[in-house]
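First, one chain by itself in structure tokens, the form predicted alone.
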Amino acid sequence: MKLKIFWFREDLRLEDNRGLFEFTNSLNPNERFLFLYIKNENSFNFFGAKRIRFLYESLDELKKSLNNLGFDLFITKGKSTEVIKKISEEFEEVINYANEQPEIYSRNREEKVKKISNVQLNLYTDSTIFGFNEVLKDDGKPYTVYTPFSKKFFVLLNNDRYKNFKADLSKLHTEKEFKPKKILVFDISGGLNEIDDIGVIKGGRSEGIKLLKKFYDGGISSYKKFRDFPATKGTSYLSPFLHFGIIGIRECFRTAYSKLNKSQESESQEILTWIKELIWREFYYNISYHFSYTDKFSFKKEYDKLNWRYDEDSFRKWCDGKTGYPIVDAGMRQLKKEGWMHNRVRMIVAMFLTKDLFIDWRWGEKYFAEHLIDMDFSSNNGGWQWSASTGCDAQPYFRIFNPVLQSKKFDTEGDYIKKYVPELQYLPSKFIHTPWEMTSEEQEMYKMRINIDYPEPIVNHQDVKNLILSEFKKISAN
């Protein structure tokens, strides 16, 4: 007897799901089938409570969507290999349908599943527009710099690449649905009740569609103009939905090109800027796939010889938003409170940790991974290595953000800072970025005393900048 499984992973939707489309097309009326989700217990233990809640909310909605069609989503916890092996014991042949993932830990998991004697695993491209071996240099090697990658991406791109794969579940017969008896069901509603740590973004397909529509109606046409200003809602907030596949990448491309085709020329650059951000995501996925060592090591391996400072006290002040640099502290407090951080501020705080405090990027990567609702290994790793100058970006190590200048440029009036660092709320724009420059009288006037109400800077940016440059030069000289 044969069983066909659709193995949901980071593709938690019924709409425009490539693997699900192939799965439903393959089924004949007499075949048994199962919709499966496994909450993995893996070594990549980067799951904060807010992110888990978002995931559970999304799984709960997916399960209800299947229930409304007369089917079920079997959710269990454990190791994928063990779960699938247990299910396969009841069948002569098991064919698994799933969508491809780039990360080395996902691929290792897939290889173990393939080794189960009576199990076949069919993988499809769904989380990216192109397969991981499609956007390559003319010599067949992977790109390691974004700009040429994006140029090749646009050359290869056509409408078929983001067409809608509509899975027809109506032809499935409910009586053929397999209900595993030997594996424990994980109760999603119970899991939700256990987590009261709610982030700023709610999970579920309906919430994601709402945000996508809102972005289409308003934000995408001014994306380039407003995306770098953290006090303004100038981004899509779709990153967690994209990561978990609640909204598909092809849906985003169709949305963008639909708007582009209806827009004035003056808006086209705004929309193209968002498309290029989606391509950055695809680029980092390709880096994860082709250079799997980056899960633990620097892309530029020589920079693993850097003499990083492993200063627990400085790191804790960074985590807690107590560095004395308002824009950095606002970002870190937003992260802890909401499970999300504005992208411009992510770059600022990451560069502060790696370039001002000279702390290993892997510490920051792990902290982000533990707190971000939208934590995506490839984008998180790529972003941290970009900030630390250890990654694949063409820019050299001397790119170092000045946190004060970044603050003045992107949060000029301090509205973002005041929202997340309330002890600075009475400061005028003159001092909001550099409160340590106030005299004692000014501190009393604005009800904010340095080292009592708010810390002084833990480092002097100019001093440490020169130190960091000398450390990088030592490596580059060899």
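The shown structure was predicted, so the numbers you read here are calculated from the model rather than taken from an experiment. Just count from 1 along the sequence shown to find any residue number.
What comes next is about the form predicted in complex with a small molecule, which does not appear here.
Among R109, R346, K317, K259, the residue placing a heavy atom within 4.5 Å of the small molecule in the predicted bound form is R346. Just one of E100, E207, D376, D360 comes within 4.5 Å of the small molecule in the predicted bound form, counting any heavy atom, and that one is D376. Contact check for Y237, M341 and L372: all three have a heavy atom within 4.5 Å of the small molecule in the predicted bound form. Among residues of the shown chain, G383 is one whose heavy atoms approach the small molecule to within 4.5 Å in the predicted bound form. In the predicted bound form, at least one heavy atom of W280 sits within 4.5 Å of a heavy atom of the small molecule. Taking the partner from elsewhere, I327 is found to have every heavy atom lying beyond 4.5 Å of the small molecule in the predicted bound form. Though the partner is left out of this view, L242 does reach within 4.5 Å of the small molecule in the predicted bound form, counting heavy atoms only. Listed stretches are 187-195, 91-99, 125-133, 229-237; the contact stretch with the small molecule in the predicted bound form is 229-237, by a heavy atom cutoff of 4.5 Å.
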